[in-house]
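Here we start with a single chain on its own, the form predicted alone, put down as structure tokens.
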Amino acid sequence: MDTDVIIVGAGAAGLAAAKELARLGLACTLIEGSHRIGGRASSTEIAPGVWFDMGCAWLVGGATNPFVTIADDLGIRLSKDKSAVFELPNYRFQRNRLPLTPAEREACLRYCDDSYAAILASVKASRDVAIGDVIDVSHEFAPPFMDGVAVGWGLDVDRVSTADFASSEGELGYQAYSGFGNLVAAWGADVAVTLNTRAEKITQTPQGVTVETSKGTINGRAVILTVSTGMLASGEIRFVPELPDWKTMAITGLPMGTENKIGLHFDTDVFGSEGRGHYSTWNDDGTAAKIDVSVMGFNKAVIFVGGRSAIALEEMGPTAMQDYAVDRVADLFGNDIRKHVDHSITTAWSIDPWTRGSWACAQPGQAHQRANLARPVEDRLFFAGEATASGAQGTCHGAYESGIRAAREAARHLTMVT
């Protein structure tokens, strides 16, 4: 036997599982198909000393997020004094290039409150249906709410479960000045990982499991899978025997949504001290976006687009995505900003080969599948990742906590059979 536990995927879940298994005194082998650790946590410099998070960017929930303590221990600076900017009452709404009047803003926030209430009422009545079935999608102020769902869940309101939406918790919280992806990479740097090693086939044996990889076969007593539902659904990892129907139904019920981001950097401060904030902007022609006009003091804006719009833009390519983003920032600050754009970065999460999307989103009627996705198969195959979390689904800390949970489940089983 090569190891006690084989872990597939070195994102936050896999790294947390490896650390927890080490704490429990069990040996593990952690493999990662890509060239780096961190998974959907990845930071790239958009300009010297200015970081852009390709994936997760917020320590959701603020002070309660476990990565806050991790960051403090590592001496990594967080925007702890900025979190209130990202709360709904402090959003800046702009329609057709004009800020909402006080009366319009009040009506917009009231629509949001009414929509949240309708979603909660649906769940209370045990109706797990599409969000679009319970809100007024024709309302004057439906566009920013629906855009928020698409950005926050990666799917549009006709495809998002009310129960899954209602179970999520926490405000956007804090950001890391040097990038959340860099924070995760620093935290995981002490974990041994075999990179550029794809899992291709997982076989249950009388002794445990074998994982056939692009670099050979590994034998273990159990395996923890932390890959996305997009990867599980792709068929790129074969299972012998095949996964049971209840597990494949869970994977199907939790498809990947897509949120894409465009980062723009400017060669001067085009925002001014009063311009920095979190915006929801939309026009009557259907164009819309959420925009983080960097509250941390950088000359940077991050434009968020989700659901069908995100995929359509992604298919048009990086230039079209950049043009769309510049147009949306110009909606806020005027056309003069265009000549000051000096760098841009775009994401393409729906075709990312290691995830096939941004995060798992429960289809209407399928919120219960998160628990089924988390359930072990034959006490040999254990599952972790943000898709298995409820409450912290779609978040880096949800993945982190799931890795610890799966490691403890595997350890309990291995201890019992020793």
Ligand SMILES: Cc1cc2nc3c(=O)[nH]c(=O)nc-3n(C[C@H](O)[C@H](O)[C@H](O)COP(=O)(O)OP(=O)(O)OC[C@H]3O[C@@H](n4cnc5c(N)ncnc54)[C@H](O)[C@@H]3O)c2cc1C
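Just so you know, these numbers come straight off a predicted model, no measurement behind them. Numbering starts at 1 and runs along the sequence shown.
The same protein also exists as the form predicted in complex with the named molecule; that form is not shown, yet it is the one meant from here on.
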Legend entry - Site test, Val8, Gly55 and Trp354 vs the named molecule in the predicted complex, non-hydrogen atom cutoff 4.5 Å: yes
Inset, instruction - Give a yes or no for Asp147: in the predicted complex, does one of its heavy atoms lie within 4.5 Å of a heavy atom belonging to the named molecule? - result: no
Inset, instruction - Please check if Lys261 has a heavy atom lying within 4.5 Å of any heavy atom of the named molecule in the predicted complex. - result: yes
Inset, instruction - Flag Ile237 as yes or no: does it have a non-hydrogen atom within 4.5 angstroms of any non-hydrogen atom of the named molecule in the predicted complex? - result: yes
Legend entry - Distance check, Phe382 to the named molecule in the predicted complex, heavy atom within 4.5 Å: no
Legend entry - Per-stretch contact check against the named molecule in the predicted complex, the hit in 329 to 337, 216 to 224, 191 to 199, 276 to 284 (non-hydrogen atom, 4.5 angstroms): 191 to 199
Legend entry - Residues of stretch 342 to 363 in contact with the named molecule in the predicted complex (4.5 Å, non-hydrogen atom): Trp349, Trp354, Thr355, Ser358, Trp359
